[in-house]
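So this first bit is one chain, no partners, the form predicted on its own, shown in structure tokens.
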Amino acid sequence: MDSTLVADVVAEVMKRLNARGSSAAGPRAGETAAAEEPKRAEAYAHPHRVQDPIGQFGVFASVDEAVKAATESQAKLMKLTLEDRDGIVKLIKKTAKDNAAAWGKMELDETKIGRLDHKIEKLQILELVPGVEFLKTNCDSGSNGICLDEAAPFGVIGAITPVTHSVPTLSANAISMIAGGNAVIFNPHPSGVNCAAHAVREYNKAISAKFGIDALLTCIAPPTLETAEAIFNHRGIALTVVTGGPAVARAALAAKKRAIVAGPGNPPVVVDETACLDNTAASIVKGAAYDNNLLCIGEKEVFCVEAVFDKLMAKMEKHGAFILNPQQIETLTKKAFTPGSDGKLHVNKDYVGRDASFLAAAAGTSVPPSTQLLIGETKSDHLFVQQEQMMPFVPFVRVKDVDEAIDLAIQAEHDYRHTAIIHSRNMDTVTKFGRRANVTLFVVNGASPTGLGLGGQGFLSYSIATPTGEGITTPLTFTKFRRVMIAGSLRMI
């Protein structure tokens, strides 16, 4: 997820960890080249400045200050009842919902990426993120006593959050982490630090007024490479949680601390001849256009069998997508991907999360203001197919049969094991693709957001931990296993 943007946070940290002898995996297909890291580090030389006073209600200038406040707040949290903890979680959800319009606009104004209606919606739907109800105690009693297996907090968690979903990711993580009994320190992306710090401060004000704890959430302002490194290495932080691309994942895993990593994705879509094409087209538009395709789970490339390819393209137009011709696609490609110092082409961050109308203008055409998504036919090796580009343009690849579609889809996913989507009414085909893809989120006959409970069953989370295997994060993700054995007593049976 967000490989071209969130990597800013830890690019230099990765170098420093490697310099100390830490090992990390080499680059894979789709990864951002190491030669681009100095350019990213430059973004941190002039971070956005938080306008409100530092040192109040969870916003601190140093990691040490944040750890101290978070440690004290977490100790107070553990003195409260589970019902109180549930009250804090619900208060965060209510505060986000009540301020969704204002905070969504604040985030869009600061980050300049995505869509306002979806920025607002991502805060309104936080009520779908699970809370303390996920914390279940298992009990086993017998002639030797009683055994309780329960979820215990880590204590203080350090989190690196992306610019693509600054306040929503922060808020969802806070809900899950606090439900699990933890306090959290956020190191936000510098391009979203003002909205992140504002949300942290407002959450803490609400929590303090009702529960007397003023720093369950903390935020570093301004976030720097040094503060990111300090979070990875601070003894007072028990667990790190990072959301980002390959560089962010490698840095977290190289540090000598347990990490939960929500890594990159490049979700492919497979469409066979049995698919309901009307539903397929509506689903692709809904998922790929959401927040201008900033979602890590969003449909990024489509592999459709030749037998229904042209029919699907017509359905896509019916549902509001605009088809670019080959020349327009190549014009857009030359602007959306720019050469790096390594000689390779990389995503132009100035095009990430921009509206379809902006991309259309770059392609040399214009679209109706209501247009949410651009599409067009490309080859399977096209840059828009192979790189996680986070723009509302989706390439469609024509294939001879579903086996070729599956082969090319798995190749384009680059073994991230993140998300894959299929539209088919042939359950044998669905099963074949699901087994081979082996992704964390496998969506069948729906838009990608249905995999997170939005129009489908299940619950919502904004962090999907693929590299470290936790999957869709919940409060249990941020707890550790604890057993209480009462030997020889309470023998009721």
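Each residue number is its position in the shown sequence, starting from 1. Worth saying up front: this structure is predicted, and the values here are computed from it rather than measured.
The protein also exists as the form predicted in complex with a small molecule; that form is not presented, and the subsequent description refers to it.
This chain is drawn without the small molecule; in the model of the complex, the residue among Ala197, Val394, Ala174, Ile160 with a heavy atom within 4.5 Å of it is Ile160. None of Pro190, Gly376, Gly181, Gly131 but one reaches within 4.5 angstroms of the small molecule in the model of the complex through a heavy atom, and that residue is Pro190. The small molecule in the model of the complex comes within 4.5 Å of a heavy atom belonging to Glu388. Using a 4.5 angstroms threshold between heavy atoms, Phe232 counts as touching the small molecule in the model of the complex. At least one heavy atom of Ser463 is located within 4.5 Å of the small molecule in the model of the complex. For the chain shown alone, Ile185 is not a contact residue for the small molecule in the model of the complex, no non-hydrogen atom being within 4.5 angstroms. Contact with the small molecule in the model of the complex, defined as any heavy atom within 4.5 Å, is confined among 65-73, 421-429, 455-463, 442-450 to 455-463.
Within 4.5 Å of the small molecule in the model of the complex, a heavy atom is found for every one of Ala228, Ala247 and Gly263.
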